[in-house]
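Take a look at this single chain, the form predicted alone, given in structure tokens.
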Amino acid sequence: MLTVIRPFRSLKYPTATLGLTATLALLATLLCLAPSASSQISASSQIAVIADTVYTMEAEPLVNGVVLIRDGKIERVGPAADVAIPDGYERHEGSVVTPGLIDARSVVGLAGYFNQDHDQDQLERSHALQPDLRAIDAYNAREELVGFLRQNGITTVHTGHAPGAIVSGQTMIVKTAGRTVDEALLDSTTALAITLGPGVRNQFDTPGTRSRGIAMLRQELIRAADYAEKRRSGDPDRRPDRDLRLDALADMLDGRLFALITAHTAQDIMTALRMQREFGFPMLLDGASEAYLLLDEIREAGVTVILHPTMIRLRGETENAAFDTAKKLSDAGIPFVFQSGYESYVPKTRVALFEASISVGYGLDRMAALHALTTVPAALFGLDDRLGSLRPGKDADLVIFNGDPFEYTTRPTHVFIDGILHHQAE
């Protein structure tokens, strides 16, 4: 565990109540002010970022640190005493600098803040099994919610189809900048979004029970396994006709896609782990409200938990969610990351940084929380050669804060993506 050189200020308020209230108020205010996703303030190719504390996430935090950016990449990082700022570099200063934050699970860009039919593409309700649906075909890079996340320090987001169907579709990874999906895109097909439990029953007539839903999914996976075997055949006569649904499931079984399984109750988490053992697909456990009841089982399975938003509403299958689950996962040595998740009500998204802040208020180590927003998701999604830390050669995605990132009153003052200043607080 890294040692914090410049300690964070302690939280001043009762985080559980104030966090939710403040988040909703902040959302309402900023959504009215948020610039479009394509906006940028500065496109200077040579930038110097100077801060009291720089969290590189590669080593100990730097006191009085400097980050040099050139042509969209990090050029040099070090103490101000060791890094001379060349003439002509545009300077930006602040209190704390971190890498750009990564939201590990969202539907933003498919779900929009108007909450009307025209901007709600996150869940197709015509069938409970639709692995062929691609997030890339529905993502709106100019959606105001993308800009809202960006100005709160989120520079990369894993987004796509929402929980609610047995298989609701594919997910993708994008940066929160760019005029089009092609400009924002990092990975076009990352996972298949799968839901276990009563969340499916609330959306579809079939399946009506947990057992029926799992039977439907297993049958489709068995078909996909046969399809995958024939697809690999060197004999043209054995190769099957193209089937988009089976293509996606076969890619998951072949390890090209994650199974992003949303399961909240202990019984549904156990079912997810059992299916992973049966079919051998790479799995991400999403939600996991009762994960603290199964720490040994989850650790033994070796899966990463995309933890439910800390301030999730406590009802139905999430009624036993807890504020301190992140700390328990960390103490148990289980890798986890934070998410904004899916909200069925306006304004349709949370902010992963706020969710992490509440976990810190309930005992999670601050550096563990910051890693769960940066290095851990970057490595999880195979993007750690570009994202997650401040190291020469990596993408110049970074955030300047006016204080402790986990403090309620702190806000990002500058957000850089690929070396371009996309947000600057007035």
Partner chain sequence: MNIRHRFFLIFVAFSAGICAAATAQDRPVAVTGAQIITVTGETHESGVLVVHEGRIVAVGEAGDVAIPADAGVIDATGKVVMPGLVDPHSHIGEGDGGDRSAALHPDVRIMDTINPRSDSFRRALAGGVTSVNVMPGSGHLISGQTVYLKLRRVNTVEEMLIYVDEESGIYGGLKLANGTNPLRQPPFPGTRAKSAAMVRALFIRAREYQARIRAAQDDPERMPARDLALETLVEVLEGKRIVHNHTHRHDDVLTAIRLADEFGYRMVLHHVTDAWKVADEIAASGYPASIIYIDSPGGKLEAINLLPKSAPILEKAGADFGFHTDDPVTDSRLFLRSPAFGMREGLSRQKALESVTIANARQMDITGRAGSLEPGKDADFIILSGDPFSVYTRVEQTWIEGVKVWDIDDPEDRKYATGGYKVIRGSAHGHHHDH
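This one's a predicted model, so the numbers in the text were calculated from it and none came from an experiment. Numbering follows the first chain given and starts at 1.
Below, we turn to the form predicted together with the partner chain, even though it does not appear here.
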Check your understanding: Counting only non-hydrogen atoms and a 4.5 angstroms cut-off, does T374 reach the partner chain in the predicted complex?
Key -> no
Check your understanding: Would R366 sit within 4.5 Å of the partner chain in the predicted complex, counting heavy atoms only?
Key -> yes
Practice item. Report yes if any heavy atom of R242 sits within 4.5 Å of a heavy atom of the partner chain in the predicted complex; otherwise report no. Key: no
Review point. Taking heavy atoms only, is L145 within 4.5 angstroms of the partner chain in the predicted complex?
Key: yes
Check your understanding: Pick from 44-52, 357-365, 384-392, 59-67: which stretch has a heavy atom within 4.5 Å of the partner chain in the predicted complex?
Key -> 357-365
Practice item. Only one of R313, R299, R201, R256 comes within 4.5 Å of the partner chain in the predicted complex by heavy atoms, so just point that one out. Key: R313
Exercise for review: Note which of S344, T206, S95, T180 lies within 4.5 Å of the partner chain in the predicted complex, where distance is taken over heavy atoms; exactly one does.
Suggested key: S344
Practice item. Look at the candidate spot formed by E319, K328 and T409 and say whether the partner chain comes within 4.5 Å of a heavy atom in all three of them in the predicted complex. Key: yes
Practice item. Sequence order please: the residues of 107-146 with a heavy atom within 4.5 Å of the partner chain in the predicted complex. Key: Y113, F114, N115, Q116, L145
